[in-house]
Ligand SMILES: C[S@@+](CC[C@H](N)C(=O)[O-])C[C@H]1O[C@@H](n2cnc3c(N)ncnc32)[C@H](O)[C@@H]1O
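One chain follows as C-alpha cells, the form predicted on its own.
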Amino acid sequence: MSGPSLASEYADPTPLQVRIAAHRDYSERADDPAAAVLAAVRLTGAEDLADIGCGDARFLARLSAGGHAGRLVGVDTAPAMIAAANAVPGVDGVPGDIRALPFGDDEFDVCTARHMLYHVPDPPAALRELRRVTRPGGTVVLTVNHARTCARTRELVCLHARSHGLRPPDGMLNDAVHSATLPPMMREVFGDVTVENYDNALIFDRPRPLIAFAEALFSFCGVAAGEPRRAQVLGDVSDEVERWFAERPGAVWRDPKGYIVVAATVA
C-alpha cells in the first residue's frame, strides 16, 4: 500500500480534531491559538476574510457565530475540510492551493493561514499569493509552530514505527518552515511584520490521553490509516506509555511546544 500523504491525513478530520483537543485540554498554560490570531487581526466584523488551509473550519465558525458580517471564505485542498467550511452558516468553502489561489487581485481585507505553511513545498510563492489577493491596507496573518514542537511524543512514535520498518514520509512537513524562519520569509514579501511568541507545553498526567495524541501523529511518522502494521505500532506505543507512568507514580509527561503569530499590513 502507499504511505501516508497530506491527502490521506486530511481526508478524515478526526486526527486533526484529536490534536486540537489535546492542545485545548492538556496545555500547561491556557492556549487559544484562534484568539491569538484574532488579537493580531483586530477585526471590526465587516472585513472580507479568507482562511487558507481552513481545516475543519472551527476558526470560521467562531467568526460566523460571533456575527461577522463580512465575507468569510475557507480554502483547503481536502474535500472533507471544504465540506466542513460549507456546513458553517455564512461561510463559503473553496478548493484551492495556496500557491495559486482561485481569487482575483485585492479580493480580501484579511487573509489568515494558520499552522499550514509547513505543508507547502514553496512557501515564498504562497506568501506572494497571500499578498496578491489581499487589498492594500489589509492584513495577512500566519501562524507556525516552533521547530521541535511536541518532538518528544513524535519521536516516541517514530521510534516504534521504525522498529516495524516504517519511516516518516516525504512531503508531509516542510522542516524549513518554523518560528525562526517564517519572520524573515515574510519580511522579504511584506516588509515590516509584527511577531508574537507563544511558548507552552503539553502535560499528560495519565496514559490514555497521551496515547490518543500519539496516535493522532501516526501519519507524520509513516503509519498510514490502512497500514497493516498500525495495530502493532499502536500496541508498542501504548505499552511504553503505560510502562512509563507505572514506573513513575505521580509524574507527568511534559512535551514542550509553541508557535508564533506573524502579521503584516499589505502596502
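Sequential numbering from 1, following the sequence displayed. Fair warning: this is a prediction, and the values are worked out from it, not measured in the lab.
The discussion below concerns the form predicted in complex with the named molecule, not included here.
- Although the partner is absent here, residue 222 lies well away from the named molecule in the predicted complex, with no heavy atom inside 4.5 Å.
- Contact check for residue 91: no non-hydrogen atom falls within 4.5 Å of the named molecule in the predicted complex.
- In the predicted complex, at least one heavy atom of residue 77 sits within 4.5 Å of the named molecule.
- In the predicted complex, at least one heavy atom of residue 16 sits within 4.5 Å of the named molecule.
- Taking 160, 131, 114, 146 one by one, only a single residue has any non-hydrogen atom within 4.5 Å of the named molecule in the predicted complex, and it is 114.
- Checking 193, 81, 166, 177 for any heavy atom within 4.5 Å of the named molecule in the predicted complex turns up a single hit: 81.
- Considering the named molecule in the predicted complex, the lone stretch of 151-159, 116-124, 103-111, 185-193 in range is 116-124 [heavy atom distance within 4.5 Å].
- Looking at the named molecule in the predicted complex, residues 6, 10 and 97 each place a heavy atom within 4.5 Å of it.
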